[in-house]
Each structure stands twice: as structure tokens, then as C-alpha cells.
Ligand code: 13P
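Okay, so here's just one chain, in C-alpha cells, the form predicted on its own.
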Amino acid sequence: MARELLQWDGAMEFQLGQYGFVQEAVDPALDIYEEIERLKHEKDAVLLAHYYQEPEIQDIADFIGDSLGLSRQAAATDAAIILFAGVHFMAETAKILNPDKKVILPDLNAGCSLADSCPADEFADFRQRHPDHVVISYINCTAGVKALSDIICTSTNAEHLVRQIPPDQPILFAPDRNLGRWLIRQTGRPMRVWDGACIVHETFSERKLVGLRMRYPDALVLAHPECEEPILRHADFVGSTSAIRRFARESEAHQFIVATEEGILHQMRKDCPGKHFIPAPPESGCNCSQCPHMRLNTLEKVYLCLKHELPEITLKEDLRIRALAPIERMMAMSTGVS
């Protein structure tokens, strides 16, 4: 297989062929689950998967979680190889935390619409215009944006972190405008917010959600704070994917309408087989509550990625060090947050 050096936004370097993932036919008679387990053991590899991955990938992962949980696992692992079944900013974060470990991603094209909405050069200009502001950036951003930030946050710990900033300190929040606006309402803190958004969480239809609530009057609406305000107004609970999962597990209710990427429903149904989980509807008739970037990863790509240890993510050391500082600050400020 031909290999060449590719660049992504000036922040990452990958060693891979032209397709973004390993091109190789997989024998249909192969027990791919058994082979992945064998390779993990043989190569001393750990498989981290986000809740938004395909159910079959979640089922073979060593750890499944949201951004905060995955960051903690990446920081704590002693495995030689981290195979990250997620999107590029997640694998990047793992490499920032583990410079001496090999970090691989099943498909190089598994990007993020939210991260793409905040190019590092434009964000640098934005920050320069507000030099007196402390910069809190959502983890869904590139290493270049992380390096320009003071503190990284996730949807799990964002409110906790904002409340620790002194009241007289102005805040600049990036890149998700919906999460930023929700934090302003929750904390009462004015913030300058970058105008970025996630294509999945912006697609939910208020009109259809109201209709669904009429069909299921006993159902509770659970929403991610990346959703737009009209959706959040109807929510009985707003929280990160891990918080949504925990709420449903602990609630006495038996029906839930879930407004986030529908991959989380796999774990929720496993947690509570007697409960009914309904994905919130998008405005169109498509499967728009599935992230097209997350779904680029497949079981076959996971296998081939582990077999060939490609694509591999590398970072220039000066960038990695600058991006590491705000992540470590987040970790230190997030004690007790789960």
C-alpha cells in the first residue's frame, strides 16, 4: 500500500494512503470480533469508543464514554497503542495526553462539523480582539484552537468550570454557540461566544418534538446542551451524553425522548431494557440524528486500523505542549465531576 505524509489544518500529520483509511479486503469468513480481541492483546492496544459510534463498535470497546470520560481514560491508560473509535479531535486529544504512545484512528476523514466551524487562524484573530478575556474552549475543537485556549471544557464539566472563574473576569467561549448560550442562562455569566455549531444537534425539529410529546405524554425529554434553544425549552433534563444516560437509568419514568446523537440509545437500552427510548426527530425525514463523521468508522476499519496501526496521529511537540496546558487545567478543575 502506498503511503504518504498528509496534513490536517496545520495541526496534525498522518501517515496513510490516499483514501483516509486502510484499503484492504476483509475475508468474510473471518471472525472479526475474535481478531480484534487477539490483536488488542498481541499489540497491547486499548480501544476507546464514543457513545456516538455504531453499536457493534461500542460492544467491542474497552471503554465507552463521552469526551470527559474518554479524556480521563486516555490520560490513565498504560497501553502501548490507543485505538480511538471517534472523530479526529478526540484522537488528537489522546495524542496530546500521550506523546509516547501510538494513537490510531480508523478513518482519517472522521472529522467534526463543530471543530471545522472554528479554524485556528480565525480564532487567533478573534482572541486577539479580546485580550482581557479568559478563553474557555469546548473540547470539540482542533489542537490549534486548544493551544490558543486557557481552559478546555466538556459538556459534562462546562458549567462547573465557568462557575470557578472570578465574577469580574470576562470570558470568551468557543466554539459552540448553543452550549455557550446555555451556560450563560445556567450561570448568569455574560460571555462572548464564537458562532459555531454541530450539524447533528441543530437538526432537531421543535414542531415534530411537540407532536411526539402528544403521542407519548408520559415521556420525558432529555437533551444535549448543543441543541438549539427551542429544543432545550421542551427538555425535562439537559446534560451531557453520560449525564443523559445516568438520568434515564436512575429515573422512575419509563419513556424518554432523546435529543442527541442516537448512538447513545444503544447503551441506554442495555442499561434499562424495560424502558422505551425514542430518538428526537429531525426536521427532514433523513437519519440526521446520526453523525455522518462518527459513522465513517466501521468494524472492518477498526480491524484494519489495528492490524496495520494506521492511520497514526502525530503532533508537532510545540503545538502539543501548548494544547496540553488547558486540558490539564480542565482536569485539575474537574475534581469530583462525573
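Predicted model only: the values in this text are computed from it and were never measured. All residue numbers refer to positions in the sequence shown, first residue = 1.
Below: the form predicted in complex with ligand 13P, not depicted.
Engineer: Counting only non-hydrogen atoms and a 4.5 Å threshold, tell me whether Leu48, Arg245 and Gln267 all contact ligand 13P in the predicted complex.
Structural biologist: No, none of Leu48, Arg245 and Gln267 comes within 4.5 Å of ligand 13P in the predicted complex.
Engineer: Is Phe89 close to ligand 13P in the predicted complex, meaning a heavy atom pair under 4.5 Å apart or at it?
Structural biologist: Yes, Phe89 is a contact residue.
Engineer: So in the predicted complex, is ligand 13P close enough to Lys146 to count as touching (4.5 Å, heavy atoms)?
Structural biologist: Because no heavy atom of Lys146 falls inside 4.5 Å of ligand 13P in the predicted complex, the answer is no.
Engineer: Report whether the minimum heavy atom distance between Phe84 and ligand 13P in the predicted complex is within 4.5 Å.
Structural biologist: Phe84: no, not in contact with ligand 13P in the predicted complex.
Engineer: Given that the partner is absent here, does Ser67 sit within 4.5 Å of ligand 13P in the predicted complex, heavy atoms only?
Structural biologist: Result yes; Ser67 sits at the interface with ligand 13P in the predicted complex.
Engineer: Just one of Met294, Ala280, Ile57, Cys305 has a heavy atom within 4.5 angstroms of ligand 13P in the predicted complex, so which one?
Structural biologist: Partner contact (heavy atom, 4.5 Å) among the options: Met294.
Engineer: Using a 4.5 Å cut on heavy atoms, which of Asn178, Ser117, Ser240, Asn98 is close to ligand 13P in the predicted complex?
Structural biologist: Comparing distances to ligand 13P in the predicted complex, the residue within 4.5 Å is Ser240.
Engineer: Can you say which of 71 to 79, 205 to 213, 221 to 229, 163 to 171 gets within 4.5 Å of ligand 13P in the predicted complex, counting heavy atoms only?
Structural biologist: Answer to the contact question: 221 to 229.
Engineer: Select from 124 to 149 the residues with a non-hydrogen atom within 4.5 Å of ligand 13P in the predicted complex and write them out in sequence order.
Structural biologist: Tyr138, Asn140 sit within 4.5 Å of the partner.
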